[in-house]
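One chain is shown next in structure tokens, namely the form predicted on its own.
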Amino acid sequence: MSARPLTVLIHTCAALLAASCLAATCRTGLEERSTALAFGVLVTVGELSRWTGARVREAAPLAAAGALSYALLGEDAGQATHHGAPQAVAVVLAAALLGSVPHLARGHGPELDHLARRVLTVGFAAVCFQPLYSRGVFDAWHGAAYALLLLALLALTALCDAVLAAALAHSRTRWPFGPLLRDELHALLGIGSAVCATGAVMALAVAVVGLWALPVFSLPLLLTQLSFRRYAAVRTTYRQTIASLARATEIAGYTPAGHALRVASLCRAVGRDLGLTRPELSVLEHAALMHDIGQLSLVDPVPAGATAVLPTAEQRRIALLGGAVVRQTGVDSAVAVVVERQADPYREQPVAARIVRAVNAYVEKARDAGPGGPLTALEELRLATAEQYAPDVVESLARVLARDSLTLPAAG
């Protein structure tokens, strides 16, 4: 997929800022080299511990906290610093690139989006703080007032980063910007708040006790990162368990291979288009993976697992049996509700059940309709919106299918 204009614009701005800061730093030389080296090592270590391939908002929280604290550093052990905004950006960029070398050797990075966000957010924080600090604007700010000032600047920086992340995701996927920004802002309550708090504490601590504060105040964030790693591992195992249960109908010959995965992928894309939240998308995806599990109770399999052509009463019976099976597996009860209500009249269904019903019918009809299957199936769904399928879901499905940025598994 070619780069979108918004992505190119953000990357270009980051590249211009990085180039100008590197040029300015090379021209004037490094101020407080020991301080620059200490923060550079911290950012490098943070990048080395980055979660490669992890679907998290901040893959390198320690590097982010170190970078922000250097951008907002005004004193080192009671002595005023003079490194300025260009040096802050240059040191963080060099350290981030150095820390990415091992990941690059393994084929995992660095990601341009990650580097662009890091450069622009550090530049934003440093430009907001360093020039004013060097002019003595903050000389009257002491104690709690100064700490609140740093937290306010970090909050603004976090908002800036959230907007950048949402804009890059919107440009890359064409998903609606509003829900993406909402998810980014919601994620700030997790690891984002820990990064901001650690960045502020580091800047304050170094100002009082010097560079020895860096390893001491890095430890809590490292422990938080380990906790998030374990949580991510548990979620991965949970999803793998659901995927294994979903494959039971394929192994038993009730549904075609890959059908559940295709329905789940398409459901998630439609949910994104309709603006569902991240927890709602998770429930939707899990329900889509397990939507056919009720067929295991049938004595005679439905031909090709095509439940959309069955009488409504039979569809509801299979759905209720599927919901009962899901409840026995220990999966979230919200998933069971979606599975057991997927055959109800759409006006009575929750949004997730409407999506599963429409997408499952589309996949089944497209598979059986020959060369013109997708268009024929979509037209059949549109003609049935008066009684069977929610019109907004069908139109969302049409939009999703029209996007060349969406990649789905082969039809089952």
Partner chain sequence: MEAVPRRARAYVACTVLGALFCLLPLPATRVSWSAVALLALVYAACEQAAARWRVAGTFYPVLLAGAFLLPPSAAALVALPGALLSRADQRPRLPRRGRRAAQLVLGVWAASAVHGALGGRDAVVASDFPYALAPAGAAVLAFCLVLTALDGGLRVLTEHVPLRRAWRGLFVRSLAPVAVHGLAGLMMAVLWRSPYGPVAALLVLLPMCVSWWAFAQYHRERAAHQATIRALVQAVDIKDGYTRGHSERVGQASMMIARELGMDDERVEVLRFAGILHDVGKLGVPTRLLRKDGPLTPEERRVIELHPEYGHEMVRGIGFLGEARAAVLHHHERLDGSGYPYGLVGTQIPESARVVAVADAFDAMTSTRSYRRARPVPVALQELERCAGSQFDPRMVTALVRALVRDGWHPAVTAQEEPRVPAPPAPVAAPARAHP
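Positions refer to the first chain, counted from 1. As the structure is a prediction and not an experimental result, all values here were calculated from the model.
The same protein also exists as the form predicted together with the partner chain; that form is not shown, yet it is the one meant from here on.
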* Asked: For the chain seen here without its partner, which of 314 to 322, 144 to 152, 84 to 92, 172 to 180 has a heavy atom within 4.5 Å of the partner chain in the predicted bound form?
  -> 144 to 152
* Distance check, T198 to the partner chain in the predicted bound form, heavy atom within 4.5 Å -> yes
* Using 4.5 Å between non-hydrogen atoms, is A248 touching the partner chain in the predicted bound form? -> yes
* Just to confirm, R235 within 4.5 Å of the partner chain in the predicted bound form by heavy atoms? -> yes
* Asked: So, in the predicted bound form, is R106 in contact with the partner chain at a 4.5 angstroms heavy atom limit?
  -> no
* To do: Identify whether the partner chain in the predicted bound form is within 4.5 Å of every residue in the set G123, F129 and L185, based on non-hydrogen atoms.
  => no
* **The unique member of A80, L219, V137, V101 whose heavy atoms fall within 4.5 Å of the partner chain in the predicted bound form** => L219
* Of L115, V337, C160, A205, which residue is found within 4.5 angstroms of the partner chain in the predicted bound form when only non-hydrogen atoms are counted? -> A205
* **Residues of 206 to 242 having any heavy atom within 4.5 Å of the partner chain in the predicted bound form, listed in sequence order** => A207, V208, V209, W212, A213, V216, F217, L219, P220, L221, L223, T224, S227, F228, R230, Y231, V234, R235, T237, Y238, Q240, T241, I242
